[in-house]
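The data below hold one chain only, encoded as structure tokens and taken in the form predicted on its own.
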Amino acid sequence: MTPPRTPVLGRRSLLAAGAALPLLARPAIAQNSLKGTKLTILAGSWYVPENNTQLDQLAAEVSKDTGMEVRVERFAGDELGTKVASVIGTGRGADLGVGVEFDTYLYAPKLLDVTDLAEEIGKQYGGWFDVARAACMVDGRWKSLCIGQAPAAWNYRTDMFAAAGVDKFPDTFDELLVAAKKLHAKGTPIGMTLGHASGDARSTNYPVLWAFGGKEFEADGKTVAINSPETIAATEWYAECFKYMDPGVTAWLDPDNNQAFLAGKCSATINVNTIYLAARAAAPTDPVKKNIVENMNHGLWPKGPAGRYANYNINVWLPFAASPNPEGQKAFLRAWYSKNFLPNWTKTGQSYFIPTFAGFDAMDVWPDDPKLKIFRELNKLNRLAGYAGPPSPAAAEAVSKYVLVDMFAKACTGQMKPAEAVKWAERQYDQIAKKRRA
């Protein structure tokens, strides 16, 4: 299950048994510089509970050091997006909010220009990844700041792979197809979500399109480019590989691939590290979970003719322009991105959410568990929906309507031939683009 806009907060710690929450050094902020002001932050709940605790700790420290009253309000599920939209519409109710990658483009006129702050922060960590710039910059200006991305890996059962004669996770899509045939023959098929899953439908399907060289839009974000030989090749690969998948994948929602994997019904699926973290936390008292932890690992996305890509959920800080406290916004954000806080927050999350900085590759922010080692490489692969255009309202609408997912599903289930399914998708994209241009 890829994390939704507001990842669900588990009640049980996902850290290794006995691990302690890192102590957070207080950020350097001018004492009582904002005394008497207030700052309200809208947040959800990250899946690793300790990360939420760290945010609360930081809010308390910033409040103590500046004299500013800092309050964190949390909202479950889609409630956070609804609350953010309300603040954008009314100009009241909060100063900062956690958003997702499309929100910067949707709300850009109502967001504070934080270009100077973004450049200052970027220099501390070796520069921002391009995906952060794509998610946070509109018309050349930073209108949000990237919190991080949640890499989706291939979760796979090493014992099932070995039983099928597959000695390592496939490096290419051609190799994945060969492996899928062998695993299916052993009764342990792979599974790639083709249902209307709000998270997994993106993280599973967009990487296939891009690896074969397909794209939704041209760089202008308006010209539809989905109908191409490259997209047809991606769809043909999917239709062939589907023959060797768990047949239920066309109805999978976000929890379903987790359940199929944990039940031993599929040997590989795409997910963030939460399958492993949850099983590892339960392993000391649950023999079934212990067996899963011992017999699973994480694999890199395969590469296709055009390269190796991935699609992950991104969270961003949205600084509301209507806030009466812009200096308070910047004080909190500087504290969040300080080297006293952010590396500890990242290490605690065990690569669940990873900030998008080039310099993090060489920093001590990565999990010690060798089965999570691959997330350092996965962190470098992200592209946003809408490529080669920006994460625009048109791209967001295509995601919400599951156009790409349905294109692959129609070909996989035999409703349409691959070229027909691509032509169908082109019509859907044309309608979306035409409406957005009107």
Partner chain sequence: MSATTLPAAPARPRARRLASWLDNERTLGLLLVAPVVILLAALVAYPFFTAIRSALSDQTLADAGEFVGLDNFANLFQDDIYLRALRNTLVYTAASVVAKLVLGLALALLLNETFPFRRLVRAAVLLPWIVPTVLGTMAWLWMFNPNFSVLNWVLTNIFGLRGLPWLTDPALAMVSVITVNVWRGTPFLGITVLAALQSIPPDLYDASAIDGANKLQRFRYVTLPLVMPVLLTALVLSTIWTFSDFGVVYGLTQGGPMNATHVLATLAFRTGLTAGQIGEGAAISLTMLPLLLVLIVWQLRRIRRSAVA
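Residue numbers count along the first chain shown, from 1. What we label the rigid core is the largest C-alpha set whose atoms superpose within 1.5 Å from one form to the other. Note that the structure is predicted; figures quoted are calculated from it, not measured.
The protein also exists as the form predicted together with the partner chain; that form is not presented, and the subsequent description refers to it.
Contact segment among 77 to 85, 326 to 334, 297 to 305, 126 to 134, judged by heavy atoms lying within 4.5 Å of the partner chain in the predicted bound form: Of the stretches listed, the one contacting the partner is 77 to 85.
Contact flag, residue 427 vs the partner chain in the predicted bound form, heavy atom cut 4.5 Å: The answer is yes: residue 427 has a heavy atom within 4.5 Å of the partner chain.
Interface membership of residue 362, the partner chain in the predicted bound form, 4.5 Å heavy atom rule: Residue 362: no, not in contact with the partner chain in the predicted bound form.
Residue contact check: residue 265 to the partner chain in the predicted bound form, 4.5 Å heavy atom: Yes, residue 265 is a contact residue.
Proximity of residue 256 to the partner chain in the predicted bound form, heavy atoms at 4.5 Å: Residue 256: contacts the partner chain in the predicted bound form.
Contact at 110, 251 and 434 by the partner chain in the predicted bound form, all three, heavy atom at most 4.5 Å: All three within 4.5 Å in the predicted bound form.
Partner-contacting position among 229, 165, 247, 284 - heavy atom within 4.5 Å of the partner chain in the predicted bound form: The residue in contact is 247.
Candidate from 177, 160, 260, 225 lying within 4.5 Å of the partner chain in the predicted bound form - any heavy atom: Selected option: 260.
Sequence-ordered residues of 385 to 409 touching the partner chain in the predicted bound form, heavy atom within 4.5 Å: Contacts from 385 to 409: 397, 400, 401, 402, 406, 409.
C-alpha of residue 89 off by 2 Å or more between this form and the one not shown on rigid core: Comparing forms between this form and the one not shown, the residue 89 CA shifts at least 2 Å.
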